[in-house]
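Below sits a lone chain in structure tokens, taken as the form predicted alone.
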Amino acid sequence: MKKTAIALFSAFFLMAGVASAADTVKIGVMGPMTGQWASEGQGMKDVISIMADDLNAAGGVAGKKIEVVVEDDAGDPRTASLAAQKLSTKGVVAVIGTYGSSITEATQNIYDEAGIIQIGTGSTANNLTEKGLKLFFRTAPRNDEQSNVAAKAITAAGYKNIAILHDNTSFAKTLADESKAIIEKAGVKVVFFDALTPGERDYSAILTKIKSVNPDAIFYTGYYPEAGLLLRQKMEMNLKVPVIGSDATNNPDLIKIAGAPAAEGFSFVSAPVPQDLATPEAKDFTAKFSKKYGKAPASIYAVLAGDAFKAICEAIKATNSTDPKKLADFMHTQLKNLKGISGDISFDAKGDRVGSVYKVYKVDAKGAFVMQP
């Protein structure tokens, strides 16, 4: 479908949606509700459900109740583009999501052409906000910030020879390239730089190649399913080199895949989950989430979806409008230090979140993720 056709199609259904649901504001949530990253998408839905219920119980926003419309992108770019086309015809004011930079990238032009604000939540690749799309924002921090924190952790640990492994996704490849440049400038030698193929069940061959160059540590920039398998197979090979991961490994399913013994000592860079923060907003949200679901929120990306929900609702409230241009202008220039679950929320002119949020985590003997001082 051509962009102009999508825009006309979306405008028709947007008008129809406004006419038939004048007392509600529709906000879309696009995430991997199925597929290998399903826990992330389900977490996004759970977090936003609590926040929407709270807001509606308090009267809604700008005199209207919030209606959340969920679409499954399955963590796949092609499915995501279809999900974006569906959401663009359902009268949504904004779309929150999704998880994965390459998945987000497949939808950006669809939402921009349809005049719909999109707030990425697990999309850290730098190029996403370098395109000049005025309606695109993200609550997730950028890769270049993560690269700096990861490089600092590697050099602080005293590693001299590093193997860098990625998965050729736009997120992981960019993070690998940027981290390589930074740590080489700091005097660390990169003795291995290559990619694995996501979704495979046996990474022993690439681990054998890494073993042959005898690195001090492995920096893996891809996602948690492959990281869990790497850790398990590394232990089976009796390869004792430490592994450092990206924020895409911050998911408890990593422990299910690897097993706690194989994951012990694994460290990764990530924005902190709310149960590790002392702010009133983090404590209040963690208590509400735990009461409803019987556990603390597992993923930071689900929490960042909640922060995206809070930001768009604040923009609607402040402008008393659902006009995308007015909302975007407010978020770019007037939304300052909104108290979010993961910390203060502001956006710069590109739509990037302002401020540094990354921390270093380490897995203990029980498989718990422990934030380091």
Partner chain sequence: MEFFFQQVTNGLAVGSIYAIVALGYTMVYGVLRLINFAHGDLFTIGAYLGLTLLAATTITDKVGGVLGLLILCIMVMGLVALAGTLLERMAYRPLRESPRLSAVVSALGASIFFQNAVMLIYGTQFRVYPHDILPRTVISIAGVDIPVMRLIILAISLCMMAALYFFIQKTKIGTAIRATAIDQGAAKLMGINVDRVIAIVFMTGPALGGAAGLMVGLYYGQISFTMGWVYGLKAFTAAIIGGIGNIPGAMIGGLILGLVEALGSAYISIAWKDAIAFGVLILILVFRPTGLMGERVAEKL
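These numbers were taken from a predicted model, which means no experiment stands behind them. Numbering follows the first chain given and starts at 1.
A second form of this protein, the form predicted together with the partner chain, is not displayed here; the remarks below concern that form.
Contacting member of Pro272, Pro77, Gly115, Pro225, with respect to the partner chain in the model of the complex [4.5 Å, heavy atom]
Checking each option against the partner chain in the model of the complex, the one that comes within 4.5 Å is Pro225.
Report the residue, out of Leu82, Val149, Ile206, Val241, that has at least one non-hydrogen atom within 4.5 angstroms of the partner chain in the model of the complex.
Filtering the options by heavy-atom distance leaves Ile206.
Could you tell me if Met237 has a non-hydrogen atom within 4.5 Å of the partner chain in the model of the complex?
Met237 belongs to the contact set for the partner chain.
Is Val191 close enough to the partner chain in the model of the complex to count, meaning some heavy atom within 4.5 Å?
No - in the model of the complex, heavy atoms of Val191 and the partner chain never come within 4.5 Å of each other.
Does Lys256 reach the partner chain in the model of the complex if we count a contact as any heavy atom within 4.5 Å?
Output for Lys256 is yes: heavy atoms within 4.5 Å of the partner chain.
Taking the partner chain as it sits in the model of the complex, is Thr197 near enough to touch it, meaning that at least one heavy atom pair lies within 4.5 angstroms?
Yes, contact at 4.5 Å.
Select, from the options 317 to 325, 337 to 345, 37 to 45, 302 to 310, the stretch whose residues sit within 4.5 angstroms of the partner chain in the model of the complex by heavy atom distance.
Result of the contact check: 37 to 45.
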